[in-house]
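Presented below, as C-alpha cells, is a lone chain in the form predicted on its own.
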Amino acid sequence: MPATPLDRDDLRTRVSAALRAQLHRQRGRLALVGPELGPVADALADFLEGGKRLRPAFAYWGYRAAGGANSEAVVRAVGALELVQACALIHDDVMDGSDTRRGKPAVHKRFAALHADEGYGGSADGFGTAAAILLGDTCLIWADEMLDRSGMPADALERARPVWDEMRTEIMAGQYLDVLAQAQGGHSVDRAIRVVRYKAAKYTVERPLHLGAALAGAAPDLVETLSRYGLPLGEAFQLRDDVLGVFGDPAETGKPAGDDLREGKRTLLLAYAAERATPAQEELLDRYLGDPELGAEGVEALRGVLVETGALTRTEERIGSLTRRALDALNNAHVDAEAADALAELAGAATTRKA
C-alpha cells in the first residue's frame, strides 16, 4: 500500500520517541556524575525537541527502498542522525555567533545566561562557548552509541559504519570550508557550490540515504540511483536555506531577519549577486555584508541588491532545476513504489519549506 502523509508523520513521532528514550538513559548517566549536569541534560532535551527529522526520514526510506523491513531498531538507528545534526547546529551557532536557534536562545547563549544568573566568575560568554562545544561533542558521542545500540544486526551495522564515518568527516570538512570562505572574503560561485555540497547537501540527503541503504544491504546500482536523487536534492535544500536566511520570515525560521548577512555567509546567492553587481551595488555588499550590527536598513539594502542583480531569481531557478533532476533520477529508476512515493514527497518538503 502506498505510503501516506500520516505514515511519515508517524515516522517523525517514532524518531522523536527514540530520541527521548536515548536522552532519558543518558540523563541517568549524567546524574551519576553529579547534579550540576542537570542543565546539560535539560538543554539537550529542549534542543532535540525541535527539527523536521528530515535526515532520519531520508535514511529510513533509503532503507525501505533497499527492501528493509520496518522495525523500531531501524528507527533508532536512523534517529542517531538527529544527534549528529544537533552537534553540527550547536557548533555552527558558536562559529557564526548566532543568538537564536528555532526561536530560542542558541545553546551558547543559554549557558552564558546561566553563568550570569548564577553569578559565576569569569566570562559569561566564554563559559557559554565552552559549554556549547562540549554539548556538541557529547551529541556526536551519543549518536555513535544510539546507532551501535539500536538493535540492528551486527552485519547491518558493519555495512553502515563506513558510510557513517565518511559522512561525519564530510560534515567537519564542509564546516571548515564555510569558515574559511568567510575568512577569505570575496565571492566565487564554484567555491559556494563546493561549500553547499560538503557542508549540507551530502549529510542532509545523500549520506542518510546511503546509510539506510547500507543497513538493508542495498545493491550498488540502487546506491548509485540514490546518489543521483540525493546529491542535487541536498544542494537544493541548502540553497532554500540560504534564501530563507535572507528573505525568510523570523516567525517561521526562528532566527532574526538577515542573520546570514550579519554573519557574512559567502553563499551562492551572494556569489550570483557579486557577478552582476554595479559598482554602487558592490559598495553596498562591501559595506554591509558581515556587519554584526547590521540593522533593518542595511538588510533591506542588501536584499535589494540580491533582487536587482537577479541573484534571487537565479537561485530559485537553480533550486527548481536541481529538484527536477532529483525527481527525474527517481522516476527513471526501478525503486520500490512506496519508497519512491515517500522520497518524492520528501523532496517537496525539503525544497518548498518556509523554515
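Not measured: the values here are computed from a predicted model. Numbering starts at 1 and runs along the sequence shown.
The form predicted together with a further copy of the same chain exists for this protein as well; it is not shown, and the discussion that follows is about that form.
A.B. asks: Sort through 272, 237, 203, 142 and report the residue having a heavy atom within 4.5 Å of a further copy of the same chain in the predicted bound form.
C.D. replies: Only one listed residue qualifies here, and that residue is 142.
A.B. asks: Please identify the residue among 253, 138, 98, 188 with any heavy atom within 4.5 Å of a further copy of the same chain in the predicted bound form.
C.D. replies: Comparing distances to a further copy of the same chain in the predicted bound form, the residue within 4.5 Å is 138.
A.B. asks: Report yes if all three of 114, 172 and 179 come within 4.5 Å of a further copy of the same chain in the predicted bound form by some heavy atom, otherwise no.
C.D. replies: Each of the three qualifies.
A.B. asks: Out of 70-78, 162-170, 239-247, 225-233, where are the residues with a heavy atom within 4.5 Å of a further copy of the same chain in the predicted bound form?
C.D. replies: Stretch 162-170 is the one.
A.B. asks: Tell me, yes or no, whether residue 301 is in contact with a further copy of the same chain in the predicted bound form, where a contact means a heavy atom of each within 4.5 Å.
C.D. replies: Residue 301: no contact with a further copy of the same chain in the predicted bound form.
A.B. asks: Evaluate residue 130 for contact with a further copy of the same chain in the predicted bound form, applying a 4.5 angstroms cut-off between non-hydrogen atoms, and reply yes or no.
C.D. replies: So residue 130 counts as contacting a further copy of the same chain.
A.B. asks: Applying a 4.5 Å heavy atom distance criterion, does residue 36 contact a further copy of the same chain in the predicted bound form?
C.D. replies: Yes, residue 36 lies within 4.5 Å of a further copy of the same chain in the predicted bound form.
A.B. asks: I'd like to check something about residue 94: if you look in the predicted bound form, is any of its heavy atoms closer than or equal to 4.5 Å to a heavy atom of a further copy of the same chain?
C.D. replies: Residue 94 belongs to the contact set for a further copy of the same chain.
A.B. asks: From first to last in sequence, which residues of 186-220 have any non-hydrogen atom within 4.5 angstroms of a further copy of the same chain in the predicted bound form?
C.D. replies: The stretch touches the partner through 194, 198.
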